[in-house]
Ligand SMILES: Cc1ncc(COP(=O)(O)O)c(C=O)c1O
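Taking the form predicted on its own, here's one chain by itself in structure tokens.
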């Protein structure tokens, strides 16, 4: 009997526990409070305006192929909007992608050969580290603290590895899953190390426009303008809607044609009608007001989650307290720390609440005493119910 002649890389295609949770939750027949997926709240998506825009796009626009680098109207509107932010850029640097994940795939495809060392944060967004693995990377996990990636630890980690990294994968703002933000001093130090090692910084920032407290910190593009070792990945998934699958990359103009070639080997072009929907939404001038509303709403939801945790789990857990984004990182304390969050997941699901266990957010399966909660997608009332259910599950497990 024949077996499939799989490529050697097939063993590195590890998939996503996070994405798989969508299918798992869809199969449940009882009520679930969903803290698992990092998605915008349904009620924050500008559905009515999208519907109005789509009625015009679907009448006036072609459904044929588009330019790989992006629809001209979207590039124009995106560049115009970014000119009003801390990240102005220009057309020869930007390519429209099918969401942030395609941007990460292009980055790792372009920069990583099998056996190359890639530094990743620990914990991290494992869809990103899984993409690095799919191109044969050897991952070097680096620790985090309240100020993000501990950049000071990297030289010793690299020395112990016996070779320098080819790439450094970081989520600098309101990191997924920890919610922490990389300090300015560490950003500057990371750029210095990247130059020392000739390693590209893969700057994955889906949440930077969702700061609801604290002061903005300069991004890598501001710290080191026109730096060919900075490859920035952005998306509309967290600020408009993930189902649109529209994002962009901002990279040195010398590699833009290679970015386009890399994308052409995947999908030819990003969804053309959805690009026009996003472009028209920006053109109408509603993006700033939309983001302002998101910041207010997500701040309120974070506070509600922290308040609920304090009431029901005070003293039993420690949490991060992010200044933006979607996520809290919760670590079990005391007797509860002996509980495996992977095992707790099943108990919690039976109780009617879902989260992402810590080991799903580490390439080597660390953090079995921790879990990720998304505060953005649930109302304060639902959050309260979810934390009550989580507490009940933890009581059962203990």
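These figures come from a predicted structure and were not determined experimentally. Residue numbers count along the first chain shown, from 1.
There is another form of this protein, the form predicted in complex with the ligand, and it is not shown here; the text below is about that form.
Participant: 315-323, 99-107, 193-201, 275-283: which one contacts the ligand in the model of the complex at 4.5 Å, heavy atom to heavy atom?
Facilitator: Contact criterion met by 99-107 only.
Participant: Would you kindly say which of 270, 131, 95, 176 lies with a heavy atom within 4.5 Å of the ligand in the model of the complex?
Facilitator: Checking each option against the ligand in the model of the complex, the one that comes within 4.5 Å is 176.
Participant: From the list 298, 231, 207, 220, which entry has a heavy atom within 4.5 Å of the ligand in the model of the complex?
Facilitator: Looking at 298, 231, 207, 220 one by one, just 207 meets the 4.5 Å heavy-atom criterion.
Participant: Taking heavy atoms and a 4.5 Å cut-off, does residue 245 contact the ligand in the model of the complex?
Facilitator: Taking the distances in the model of the complex, the answer for residue 245 is yes, it comes within 4.5 Å of the ligand.
Participant: So in the model of the complex, does any heavy atom of residue 186 sit within 4.5 Å of the ligand?
Facilitator: It does not: once the ligand is placed as it appears in the model of the complex, residue 186 has no heavy atom within 4.5 Å of it.
Participant: Since only the chain is shown here, I'm wondering whether residue 238 would be in contact with the ligand in the model of the complex (any heavy atom pair within 4.5 Å).
Facilitator: Because a heavy atom of residue 238 falls inside 4.5 Å of the ligand in the model of the complex, the answer is yes.
Participant: If you check in the model of the complex, is residue 171 within 4.5 Å of the ligand, heavy atoms only?
Facilitator: Answer yes; at least one heavy atom of residue 171 falls within 4.5 Å of the ligand in the model of the complex.
Participant: Though the partner is not shown here, which residues of 111-141 have a heavy atom within 4.5 Å of the ligand in the model of the complex?
Facilitator: The stretch 111-141, when checked against the ligand in the model of the complex, contributes only 125 at the 4.5 Å heavy-atom cut-off.
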